[in-house]
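First, one chain by itself in structure tokens, the form predicted on its own.
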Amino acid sequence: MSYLNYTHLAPELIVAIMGLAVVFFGLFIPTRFKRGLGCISGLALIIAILEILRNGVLWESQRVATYFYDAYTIDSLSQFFKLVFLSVSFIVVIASTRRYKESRYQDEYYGLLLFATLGMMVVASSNDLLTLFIGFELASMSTYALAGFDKTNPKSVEAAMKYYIIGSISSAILLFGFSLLYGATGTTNLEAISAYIAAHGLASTTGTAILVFLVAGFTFKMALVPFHMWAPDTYEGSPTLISALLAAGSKKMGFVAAFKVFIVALIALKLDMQNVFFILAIITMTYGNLVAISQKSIKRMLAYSSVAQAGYISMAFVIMTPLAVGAGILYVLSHAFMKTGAFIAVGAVVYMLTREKKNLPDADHLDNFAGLSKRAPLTAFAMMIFVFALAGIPPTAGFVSKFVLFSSAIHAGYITLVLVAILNSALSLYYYARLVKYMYVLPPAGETLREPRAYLLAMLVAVIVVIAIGVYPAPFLEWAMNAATTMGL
């Protein structure tokens, strides 16, 4: 491998070195100087993002470099998802510089956040079951700790415990599926697995067992029904900024891993996968939207909304055409910014209310958003954009993503699936519009709030990307289509 090829690992190296540096220097500096760790972490993430944009791999339709005996690959798919993970983490770090500026544990917080991001990046480039699992576990272990970071909050501790137990079970199920796949094919390389199955096939019982365990394991990671039960409790109890990271980053890690395993390695089982995901997609989007209607906690509402959105994205596994997979990848990008921004907005409201009233329980309750447009107008405006984008209202990223994804389904002949998805989108508009009504129609529930600038900056970044994708989707769609092409579709 040449020096030039090693430069493609620069984003991972930057994040890894900065994560170690933050933890190391945090041991020796006093609390009052730890405020700079957030800025340094954000700078590292920005440099990694710029490096991905600079190297031009996003515009390539074929693999650029491989490492570690083809276990680690650099192509537009991996770079696309790395860009998603780094961007989500950057937005979270911006808001965190305000939320945790007085904490004595800032070094641990930013270190864990950077290592979680690194794990997601490893998954994005993995071309082997072993590196895939290592990346999963690095990200998972870090986010388990982050979910319970507010140790004085019983809900945060409960969320971390539930997330840890269910996440460990899903990892065990996934690992068992990997072991069956290795036992049947004699290799852990995804492309070698695909070649073996194409040449020799799999016994029907073996193929069914492998598919069952892998679908179960990945649906935990992607929060598809019926393996979604951890998401609402974890998102509600975790620190709101970590909920943003989980919903917009960690769950997307599950999708890129599923794309690699199901499309690259197990494309020979395409028909069986399509039948399974057809049912899962319909049940997930319908259940998520129906349950979201009855939620009074905005974080739980966004959690069930995220479950429904996962149902939309999983349509790509049903259609499995280049356009559909590209549309699903574009939806991942759009949803990452929409959901991150929405959770950041909720986090801003919770932060403002808890500072106004000490120990305010259930600060994310719907009633606390009444008249928010008068109490915190910029936060309310940003939240309105995010929820309308999630509903698919133009000109936003949500509209473009749904339009391309639904169009690909119609083109492939999945009319029933499209009709169900459209009806669910209309259903979701009810609870999104209800939140907007509370913010803009009902009288304010208190005095004007002082909006924290760090939260506003984080929301501004998300708003710009959400509107940019909606107004000028061409480059983003090109990136997504190149990413789909690298999987051999």
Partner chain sequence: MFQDFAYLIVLLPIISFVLTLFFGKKFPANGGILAILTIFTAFIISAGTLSEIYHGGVVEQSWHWFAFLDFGILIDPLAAAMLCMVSFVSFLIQVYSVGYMSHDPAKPRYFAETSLFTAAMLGVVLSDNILQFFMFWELVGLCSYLLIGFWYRKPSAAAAAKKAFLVTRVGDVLFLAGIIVLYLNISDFTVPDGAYLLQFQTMFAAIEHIPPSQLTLITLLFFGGAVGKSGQFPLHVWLPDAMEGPTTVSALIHAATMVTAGVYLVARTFPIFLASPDALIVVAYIGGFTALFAATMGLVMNDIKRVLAYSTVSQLGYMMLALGTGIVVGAEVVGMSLFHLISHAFFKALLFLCAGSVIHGLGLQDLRQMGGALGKMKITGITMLIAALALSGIPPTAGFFSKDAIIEGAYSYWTHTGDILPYAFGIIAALLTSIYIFRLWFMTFTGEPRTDYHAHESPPSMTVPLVILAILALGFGLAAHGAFGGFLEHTYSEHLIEEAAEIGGHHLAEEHPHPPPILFYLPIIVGVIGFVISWLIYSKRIFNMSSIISSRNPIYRLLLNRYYQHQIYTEFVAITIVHRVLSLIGEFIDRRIIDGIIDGISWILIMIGEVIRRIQTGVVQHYAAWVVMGVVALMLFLFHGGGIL
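Numbering follows the first chain given and starts at 1. This one's a predicted model, so the numbers in the text were calculated from it and none came from an experiment.
Separately, the form predicted in complex with its partner chain exists; it is not shown, and the next lines address it.
Annotated contacts: Leu211, Phe278 and Arg300 all touch its partner chain in the predicted complex [non-hydrogen atom within 4.5 angstroms]. When contacts are judged by a 4.5 Å heavy atom cut-off, His228 counts as touching its partner chain in the predicted complex. The shortest heavy atom separation between Leu290 and its partner chain in the predicted complex is within 4.5 Å. Thr354 falls outside the set of residues with a heavy atom inside 4.5 Å of its partner chain in the predicted complex. Residue contact check for Asp233: one or more of its heavy atoms lie within 4.5 Å of its partner chain in the predicted complex.
Note that among 158 to 166, 331 to 339, 115 to 123, 78 to 86, the stretch whose heavy atoms approach its partner chain to within 4.5 Å in the predicted complex is 158 to 166. The single contact residue among Ile49, Leu58, Leu427, Val461, judged by any heavy atom lying within 4.5 Å of its partner chain in the predicted complex, is Leu427.
Just one of Ala370, Ala363, Ala216, Leu266 comes within 4.5 Å of its partner chain in the predicted complex, counting any heavy atom, and that one is Ala216.
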